[in-house]
Each structure stands twice: as structure tokens, then as C-alpha cells.
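This document starts with two versions of one protein chain, written out as C-alpha cells and named structure 1 and structure 2.
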Structure 1
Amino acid sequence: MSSLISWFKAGRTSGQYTLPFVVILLSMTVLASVANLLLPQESIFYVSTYSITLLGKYLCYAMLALAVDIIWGYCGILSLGHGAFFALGGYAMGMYLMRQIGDRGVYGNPILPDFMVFLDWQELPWFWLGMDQFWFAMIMAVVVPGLLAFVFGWLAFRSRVTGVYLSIMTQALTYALLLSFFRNEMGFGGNNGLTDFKEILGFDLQSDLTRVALFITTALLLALVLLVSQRILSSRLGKVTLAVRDSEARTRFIGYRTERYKVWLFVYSAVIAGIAGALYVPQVGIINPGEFSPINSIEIVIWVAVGGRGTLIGAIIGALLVNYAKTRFTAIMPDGWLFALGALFVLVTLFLPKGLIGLYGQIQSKRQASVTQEASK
């Protein structure tokens, strides 16, 4: 246990705010959960179950933003396809939840989901076998995105595809999956996707306690992923990754197989995105091909840019702030959100190239410089 603690502490040199941020995150999670479960609804401090679900969704998006920041901010690979890994993890969880419905569906079939009965399927497809087991579904939520990322990354990075060409390829991959999952014959619910979930691990998904448990689980996993990622990126592997980002040709010249580092980090970020997708589905209650939409992957990049890429914490903050603004803005002007999002990205690119975390760092540097100047007088 002591060696594990020292392993985490060793990564604090370049991320001194990580542990305080984790403490704040978990403290707010506990306070919100207690306010939902123990306080009466008449209390001004009561947090509704709807708000708990919304916060849980935001934390899933924060984990997804962190995944993109790992590969973009630290390795210089602008991926416009991480929405695909997120959706694949979500579909793995959705398949498990569909199998838990059993004979409580509209058609009462204990084996086949309702959409398969409607489409006159006679038996469960082979890729649905085992998805009634939670452990197996969670393995698939990690393995499938990771395997796809490995195959794509190995082929792309081995061929030394970089820059805008790689970004277009990742977006094309996402769009291809979008078109595939829209087809009814694929066996994933077609346009409607997977929904009408009843329970998870035997617990009612509509109960307040289950919603709070999912919220707490998401916060804990986000904190764990943040700590592990900070430690990895502070290690020797992280330093080589930064060298690849800043000058891949020089890094390759001094003897490093840069494509291996890029593939490893790409797979790692895809696995995090898959976990985020698996946590997202039971809280939102649906997964459909719309999650593969390229615009979703572009939005993730904007979250990271707003918070500050290459900081991890900035990506999380950016995801939370932008999605909260989206919730508020779409309630007022539903058709104007995309214009507001585009304007936000332009403004951040022009005036805050390092995001909100970069702005905070500049303010701190100026304050420190002024204090030093006054002390020297």
C-alpha cells in the first residue's frame, strides 16, 4: 500500500494541483449525494435526483475530455474520433442492460430484446452472447474500444500519418461506425438504439439510491483515472511522449520507436473513453448511433481547448463548464447552441490559446512577479 501511495506522490511534481482537485471533486460528490438522500425536498440545500443524474453525465463527459487531452495535449494527436470509443463502451453497457430486461419487455421474450422480436429475429446474434454477465460486458467495454484503437493506431502511426490527415481519418472512422450502427441488420437497435433499461446488477435504475451510486462511482473512477494519468505522464514515458509532440523527427533520430509510444497512448485514451461511455449509458438511459456523430467528437475538442489542453484538470473543468452552459443555453435558445459553441471556440483560440488553466497560470505569474518586484525594492 505504501509503494502505491509513493507511486502517486511521485507524479505530483508536474501536477501539484491534482490531489487538491481530487479532494474537492470527491468532497462535492459526497455533499451532493448526502443532500439528495438525507435532506427533505423542502430544504434549500436539497439536490434533486435529476440534478444528480445531470452531474453524473457531466462527469462522464469530463472523463471523455480527459481521454482526448491525453492524446492531443500531451502527444499532439488531434483525434476527431474519440466519440466512437465512447459510444462503443456505451453500447457494451447498453447490451448488458438490455439483457437484464428479460421477459419484462413489450413482447415478453426472455432472450431477445424487443427490437429483435419486432424485426423477426429468430435467435440472439453471436456477439450478444455473454452480454447478460456484468463482468463480461465491462471487459468488452474496455477491450473493443482498445482493440479498435490499437488496430487503427498501429496502421496509421506505422505509416507515419500525422496532422490534419490523421484527424480526417479518425473522423472518417467515426462516421463509418455511425452509418453501420444505423442499419437494423447490424443487431444494435438501428436508429432507435438501445433503451428502456430496467436495472443494473439487480438494482432499479429509477431509484434515487441507484442514481446516487452511479454518480459516486463515476466520480471515483474519474478521480482514479486522473491520478493514474497524471502519474503516467509525469514518468519517463510521459517525457518521451512530450518529446514526440514537440519534435517527433528528433525523438526518432535519437533512437525511440515513436509509433509505439503513440499507439500505447492512443489505446490508453480509447480505453478511458470506453469506460466513460459505459458509465454514461445507465445514467442517461439510452445509447443510439447519434453518439457516433462527428460533431460530438468535435465538441470534445472544444471542451479541452476551453479548459486548457495538456493540463488534464483543464480538460475536466472545460467539459464541466461547457456542458453546463449547453444545458442552460439550449433551454433558452435551442437552435442557437451550435453558433454559440462555434463562437466560443473562435474566441478561445484567439484570446485564450492555453485555455482557462493557462489564463489562471498567467494571472498567478503576474502576481508572483509583482510580489517579487515589491520585495526587491
Structure 2
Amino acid sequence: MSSLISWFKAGRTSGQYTLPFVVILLSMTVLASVANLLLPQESIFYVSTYSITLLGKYLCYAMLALAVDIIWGYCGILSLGHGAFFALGGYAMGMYLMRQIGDRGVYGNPILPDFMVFLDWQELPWFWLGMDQFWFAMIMAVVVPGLLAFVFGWLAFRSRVTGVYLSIMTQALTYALLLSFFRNEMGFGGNNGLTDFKEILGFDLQSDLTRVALFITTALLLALVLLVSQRILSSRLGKVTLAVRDSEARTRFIGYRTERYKVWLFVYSAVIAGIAGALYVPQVGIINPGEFSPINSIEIVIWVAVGGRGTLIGAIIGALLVNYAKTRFTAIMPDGWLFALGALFVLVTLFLPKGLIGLYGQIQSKRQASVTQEASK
């Protein structure tokens, strides 16, 4: 019995790196923030506002990758449409920020955003009502993606749409939303989307302090989401999730209503994506239908794969790394960066089948192999 308990403890090691990772993440965040706010620009340790914004954006992507990893890595649902939830969260935030502009828009209309004025809209569409309240907008930022995920997931999982069929349907979903949001009639600013934000909760979006605050908020939320997800996934629910991934039919035969597990996990993941989107918008300053584009969603999946799927930290690292690579490559070799990025994807797939995180395991198992070999001699 006691031996079993010790096994039991030993068996649940998947989360052992989470806490150290969170600690590193948060201390880096604090250091960067302090370096930005307190150090003089001339200091070599100064972190520019550009870098802070960039880091903030990366962290939003990391959260998005985390959301995808939860359902793809752990539940086997390959969503090629997660960008949609991200974008919906982003739009909710964007609408709030848009309303915050008030009469400081170019046409000086206190109610209507500029794009409505010059397209001759007479009044605010109903779905814009209440979006001037921060709390309401934030509720929408999680409720709308969550609700969409719920409806979509409920339909799809109940009908047992699985595998590539599901993936392509999620893609169809985001594609349909892309086309819809492009339409100016929708009332979301069409292709231009929402931009030209001024302030959030009364704080000037262009001030360094606000930026740092947003950055820290993102880091904190990312850490929180990571911890909660880790907790969920290492509970028995996590095991059921893995079971669903490996053999959904078998899981049903031992009495789990797999579709409910999938729906809730999908909703959870969509909500995280929505939160990531809401954090993303004030930091990059624009939300437009491009975020719905299927290619974006595919890229998210790729971040996860590069980092190592089925490992939450891997997803985060993958998102950070790929996006950092993108930033560097586009600046260093604007004409050839796609070669580098493409090659990166191919090479990671070929040589790091379990992603960057798997590299660690790969090295370890090599070492182990040589140890056993020696032992056998």
C-alpha cells in the first residue's frame, strides 16, 4: 500500500516544471518592467517600450498557444480555428476601447465610432450597447468566445464529428467569421477593423506605465492560466482527456460522456483564447478581421508543435520562440525570412519530433540508453 502511494507520487511528475517556470516567467516580467520604468534610456539594462510591447504581444500569443495545446495536445482536438476565439475576445476589447474614444474621434461624434460616421450610420447597433462599460466588455470577451465554442462544440461533438472533419469545420468556422467581419454591414469596421484607441480604464494607452501594466497583467494571467490548466490536466479529468485523445470510443465504454468532456474543455480553451485576444488588442493597437484568417490559426498550431505538444510549457515556449524568430528574421533578412522560418518548421519536425521540449527528453533517453548499455556489459 505504502509503496503504491510512493509510486503514485512518482507517477505524477508531469507538472513538476510548472512552478519553476512560473517563477522564472514572473521574475523576468518584473525585471523587464523595472528596467523599462526606472532605468535611464542610456543604461545597457534598459528595456525599451518597444520590447515591452513586443513581449506583451508574445505573451498573448503564448496564452493562445496554451489554449490550443490544451485541446490539441491533451484532448486530440485539432482546432484550426482558434484564431476565431482570440479575435472575438479581441473585438470585445476593441469595442470597449473604441467607445472610450468618445468624442475624440475625427468627426467628434460622442457615440458613434468614426467608421460608422463616414459610412453614414445613424445609431449604434444593438450589439455595441453596453460595450462602453469595462466590466461588461470583459464579460463579453469571455462569454462570446465561450458561447460560440459551446454551441459549435455541442453540435459537433454530439454528432461525433472527429479528426480532420472537426479540424476542417473549425477552419470553416473561422473562415466564415472572417468573411462576415469583412463585411462593413456587420458593424465592426470591416477590413479596417477597430483602431486608434486612446485609453483603457482612463489610462493613456500610449504611456509607458500603461504598457508595462498591460504587460504585467498579461504575464500574471498567463501564469494563472498555466497553473489552473496544469491543475485541471493533472486531475483525473486530465486523464480522461488523454483517454479521449487516445481512444474516444473506449472511454465511452467505461462510462464517460466524452462529448461533454470535449465541449467543456473546448469552451475552457476558447475562453482562454478570448482572454488572450482581449489582452492583445490594447497592446498592438488594432483588431481587424485578419485575425480570423485560417492561416493565422494554422500558425498557432505550429507554435504548439514547435514547442512540443501535450506539454503546456512547450506551447508557451514554442509561441515565444517562433514569434521572436519572426520578429528577428523580418528585420534581419526582410527578403528571405520565409526561407528561414520555413526551414525552421521543417527541421524541428524532422529532428525534434516532440518539439523543443522533447529535446530535453531526447537527450535524456540517449543518456539512459547508454547507461543501460553499459549496465548490460
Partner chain sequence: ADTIKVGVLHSLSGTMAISETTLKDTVLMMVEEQNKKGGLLGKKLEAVVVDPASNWPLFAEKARELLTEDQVDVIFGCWTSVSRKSVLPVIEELNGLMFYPVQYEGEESSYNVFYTGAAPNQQAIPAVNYLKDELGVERWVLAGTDYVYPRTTNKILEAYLKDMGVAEDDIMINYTPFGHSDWQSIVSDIKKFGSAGKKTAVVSTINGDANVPFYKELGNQGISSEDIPVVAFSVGEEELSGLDTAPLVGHLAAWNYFQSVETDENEEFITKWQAYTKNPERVTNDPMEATFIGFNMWANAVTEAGTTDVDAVEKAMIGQETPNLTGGIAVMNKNHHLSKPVLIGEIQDDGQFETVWETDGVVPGDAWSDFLPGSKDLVADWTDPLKCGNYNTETKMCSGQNY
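Each form is matched to the other, and the largest set of C-alpha atoms that superpose within 1.5 Å is called the rigid core. One-based numbering along structure 1's sequence throughout. No experiment lies behind these values; they were computed from the predicted model shown.
So which is it, 1 or 2, that shows the form predicted on its own?
Of the two, structure 1 is the form predicted on its own.
E42: CA shift of at least 2 Å between structure 1 and structure 2 after core fit?
Shift at E42: below 2 Å after core fit.
Please determine whether the C-alpha atom of T349 is displaced by 2 Å or more between structure 1 and structure 2 following superposition on the rigid core.
Shift at T349: 2 Å or more after core fit.
Exceeds or equals 2 Å, Cα of Y324 between structure 1 and structure 2, core fit: Stays below the 2 Å threshold, so no.
**Prompt:** What is the C-alpha shift for W337 between structure 1 and structure 2, rigid core superposed, to one decimal in Å?
**Reply:** W337 C-alpha displacement between structure 1 and structure 2, core-aligned: 4.4 Å.
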